[in-house]
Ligand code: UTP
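Just one chain follows, in the form predicted alone, and it is written as C-alpha cells.
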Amino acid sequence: MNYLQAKSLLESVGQAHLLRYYDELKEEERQELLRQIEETDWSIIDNFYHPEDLSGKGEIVPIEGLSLEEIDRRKEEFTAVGQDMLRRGKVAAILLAGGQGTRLGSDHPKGMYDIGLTRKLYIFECLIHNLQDVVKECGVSVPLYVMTSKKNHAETVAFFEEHDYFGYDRSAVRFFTQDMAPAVDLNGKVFLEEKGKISLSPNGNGGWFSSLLRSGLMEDVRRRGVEWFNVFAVDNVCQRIADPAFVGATVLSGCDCGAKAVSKAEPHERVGALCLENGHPSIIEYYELTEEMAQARNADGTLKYRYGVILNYLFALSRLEEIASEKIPVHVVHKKVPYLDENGVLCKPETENGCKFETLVLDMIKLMQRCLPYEVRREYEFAPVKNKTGVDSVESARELLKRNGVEL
C-alpha cells in the first residue's frame, strides 16, 4: 500500500488524521504505518457507531451438568477415556496469554509475574507444572499453543527460551499472536500512540480460533491429529489443564463443548453462570440474573444457576470449523488509552478517554450445539490472579497454592 492508497482508505472510514505526521517520519516509519493501515480491520469501528445490543437475553433456563458427586462416582470411567484420547494425540491445550500484568503493577506479560515468596515461581511456570502432571500420567506431551499479542510476543517467547520451557518438551509448544484492533476516542477517532503508530490493542480472547487459523498453525494441528482444544486463561495458577477426566466426561456426553465450573459460593457471586438460552448453551452474567433466578434452588438445595465458569473450556475442532465464519459479538469497552495529542505529545489519561473493541471466549459457547458443565473443587482448581491484594489476588492465589502443596 502506498501513501495515496492509504489516504484514500482512511478518508473513506473517517480516519484521515492518522497521516497527520507522515511527512515527519523516516522511511522505515512510513512503511510501518502504511502496513498497519493496510492490515487493520476498519470495519470493527462500526461497532462504536452501531453497537450490538448485548443486554437482551432470550428464554433463560438452568442447564444440566455433572456435579462433583457424579464425577467422583464415574472418575475411573471418565479418566480412562480421557487418557486414551490424550495418548492418541487428540487433545491440545490453548493458553490465552495476550495480556500484560498491568493490574499487578508489571509492564511485562502477565505470565511472567513472580508469585513466589522464598524462590522464583512464575505464573507461566505454575501452568506448565500443572500440564506436566498430565504428561507424567499419560506418558505423552500434550501439544501447547500459546496465544500472545503483538505487544508481548517477543518477550513471552524469549522468557520461555530463557527458562528452557520450564522443563516442558519444547517441540510440543507453538506460539501465535492474536489479532489486534484499533482504539478510538469518545468520538470514534482512532488514536495514535506514536507519530507513526496506530494505537492497537489485542481484540479479546474470543478471537483465539480465528487468530490460530490465520497463524498458519492449523497444518501443525492436523499433522498431530488434534480433535479437541482445551482453552484456558493465563491467570488461574491452580487449574488442571488437559485433565483426562474432564476430557473423557465431555467426549462421553456427546457434547461439542465442555466447561469447567465451580459451584457458586452464594447466589450473587460475581461470576458468569452456565445456562440455556433459547435452548442453546450460554452464560448469564451475575448482574443479569433476577433475584428470583439467583435464589432459585433444586430439590436438593443446590442453586439452579450454580455452575460458575472459570475460563477453562473444551471445544471440538469439528464444531469450531463449522462456525469459523460466524460472527461473535464485539464488546465496546471504555478504557484509559495513552495517545498523542494534536501537538504530538504523549498523554496518559487518569480517567477513561476512549474505547477498545474486544470479543470474549464465553460468547463462543452460544455457538456450540451442546455444552457440558463440569464441576471442579474451587480450592483445588480456582486461584485467579487478577489483583495484587484482596479477592482473586496474588495473596489469595498464594494461599491456595500452599494448600495444594506448592512450595513458595
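Rigid core: the largest C-alpha set superposing within 1.5 Å between the two forms. Here the structure is a predicted model, which means the values were calculated and not measured. The numbering used is simple: start at 1 and walk along the sequence shown.
Keep in mind that the form predicted together with uridine 5'-triphosphate is not shown, yet the notes after this line are about it.
- Listed stretches are 74-82, 257-265, 91-99, 272-280; the contact stretch with uridine 5'-triphosphate in the predicted bound form is 91-99, by a heavy atom cutoff of 4.5 Å.
- Judged against uridine 5'-triphosphate in the predicted bound form with a 4.5 angstroms heavy atom cut-off, the residues Cys138, Gly248 and Leu314 are out of contact without exception.
- When uridine 5'-triphosphate is considered in the predicted bound form, Arg306 lies well away from it, no heavy atom lying within 4.5 Å.
- At the 4.5 Å threshold, heavy atoms of Arg398 stay clear of uridine 5'-triphosphate in the predicted bound form, well away from it.
- Contact check for Gly204: a non-hydrogen atom falls within 4.5 Å of uridine 5'-triphosphate in the predicted bound form.
- Arg170 falls outside the set of residues with a heavy atom inside 4.5 Å of uridine 5'-triphosphate in the predicted bound form.
- None of Leu200, Met112, Leu86, Ala233 but one reaches within 4.5 angstroms of uridine 5'-triphosphate in the predicted bound form through a heavy atom, and that residue is Ala233.
- Just one of Lys120, Lys150, Lys327, Lys335 comes within 4.5 Å of uridine 5'-triphosphate in the predicted bound form, counting any heavy atom, and that one is Lys335.
- Contacts between 360-392 and uridine 5'-triphosphate, taken as any heavy atom within 4.5 Å in the predicted bound form, involve only Lys386.
- Once the cores line up, the CA of Ala172 ends up less than 2 angstroms apart between the shown form and the other one.
- Fitting the two forms on the rigid core leaves the C-alpha of Lys335 displaced by at least 2 angstroms between the shown form and the other one.
- Core-superposed comparison between the shown form and the other one: CA of Glu69 displaced by less than 2 Å.
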